[in-house]
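Shown next as structure tokens: one chain only, the form predicted alone.
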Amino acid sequence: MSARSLAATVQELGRPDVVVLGAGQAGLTAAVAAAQRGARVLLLEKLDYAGGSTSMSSGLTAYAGTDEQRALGIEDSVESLKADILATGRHKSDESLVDVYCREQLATYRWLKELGVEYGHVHAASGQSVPRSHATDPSRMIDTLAKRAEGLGVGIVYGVRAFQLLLVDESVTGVVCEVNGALTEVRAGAVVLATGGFSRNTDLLERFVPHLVHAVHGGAPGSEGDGLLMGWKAGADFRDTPYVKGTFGIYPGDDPREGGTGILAVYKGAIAVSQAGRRFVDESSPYKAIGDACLELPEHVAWQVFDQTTMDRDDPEVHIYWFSGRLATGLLETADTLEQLAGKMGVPADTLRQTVADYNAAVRGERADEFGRTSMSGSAERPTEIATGPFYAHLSGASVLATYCGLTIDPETHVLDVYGERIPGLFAAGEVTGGFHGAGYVTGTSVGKAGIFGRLAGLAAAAHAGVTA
């Protein structure tokens, strides 16, 4: 959009009650929620399209107690959900934020369904004591939310980069934008930062996560840390940088913007082996923990090895489980025997055969698993033997697709300064925030966090701007 488009939009809206920065799921839900409350909302996105990290995700959201779970006979509870989040985060999470997620997740799930978001099959996934990953098409969800926002009168302007917050007496009163090289001030009653992380900012990655130097640097194209930098300049605190990790399963040659999030066959029955042909990790671990272990290998890559039993669990509805899609694009090695597969992988055949034999013996209960694996993912499904040909292997590395650290917020989504005080008029949601995940990540809670806290941020920002229901 041009500068005129921004000016025309602001003129049409009048002075916005709420400016939302970023048109991913967090930003769109914030905009919709604020507009439903009656706020005049301006949504600015620096790219020419909506989506953010959500559009690149697997589209899984972690909910507990849903209609879809009940239809499958899955018993779940918020108590179990909370316990899983805290345990997977190694109790480094801000428990007050976890409590908000657990308290608001069902209401947000129902609200999103009312907006037109559809959920399909419920999957078991990392960190979940019962299956609670609800599948949806992430691009369709973004389109649905954008259309609902527009229908509610939200002014959405693309191609406009905000790079500084306006401050009056230490309160945020708007943003400074850059459009076609010119600076424009937009005044507002409140600002919501939903700009995503910094997986595309090499300088910030080298500053905060030098241990990921061998990871693939992927993530949404707009994830350059804009909101973090704006927040810092306004005095915001920042947390959880030690816990940024790489996501396992990405084919090392992929451009993640085109190749999606890779596959996680390890969660459906595969094992992960090094170039030496040996296992090196409990494959039911969170995929970021597997990514850490992979990066510690001499080659910084590994193979996911599986058989036809796992291939038959292929699920095109969820990208990370779409094994046949990877086969069709030539990114799976396949062979009738493990020995032949080892040759294609370039690993010692005798070692791979023994690794699989030892693993199968553990699955049958004849010996203890050397890495303690007892499940497919979390504790929801039991592992199966790798015994039915043909056999498959997927070269896998770790990629920085998202940075689960960021601005410090309180349970009401206010951004806090380095003294723990609220910065008046400034709210944040989604990947730009820290504190929720802690040292680990339950599958589905990133997309879940974006929707839950995005909605709350929109409502809080509208209230701060003086909008009453």
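When you see a residue number, it is the position in the sequence shown, counting from 1. What you see is a predicted model; the values in this text were computed from it and never measured.
The following text describes the form predicted together with a small molecule, which does not appear among the structures shown.
- Proximity to the small molecule in the model of the complex holds for all of S223, M230 and A402, with the criterion being a heavy atom within 4.5 Å.
- Mapping the unseen interface onto this chain, G219 counts among the residues with a heavy atom inside 4.5 Å of the small molecule in the model of the complex.
- Within 4.5 Å of some heavy atom of the small molecule in the model of the complex lies at least one heavy atom of S446.
- For I409, no non-hydrogen atom is located within 4.5 Å of the small molecule in the model of the complex, even though that partner is not displayed.
- In the model of the complex, the small molecule sits within 4.5 Å of a heavy atom belonging to K46.
- For the options V154, A146, V244, V160, the one in contact with the small molecule in the model of the complex, meaning a heavy atom within 4.5 Å, is V160.
- Partner contacts here mean any heavy atom within 4.5 Å of the small molecule in the model of the complex, and among 63-71, 33-41, 425-433, 410-418 they occur only in 425-433.
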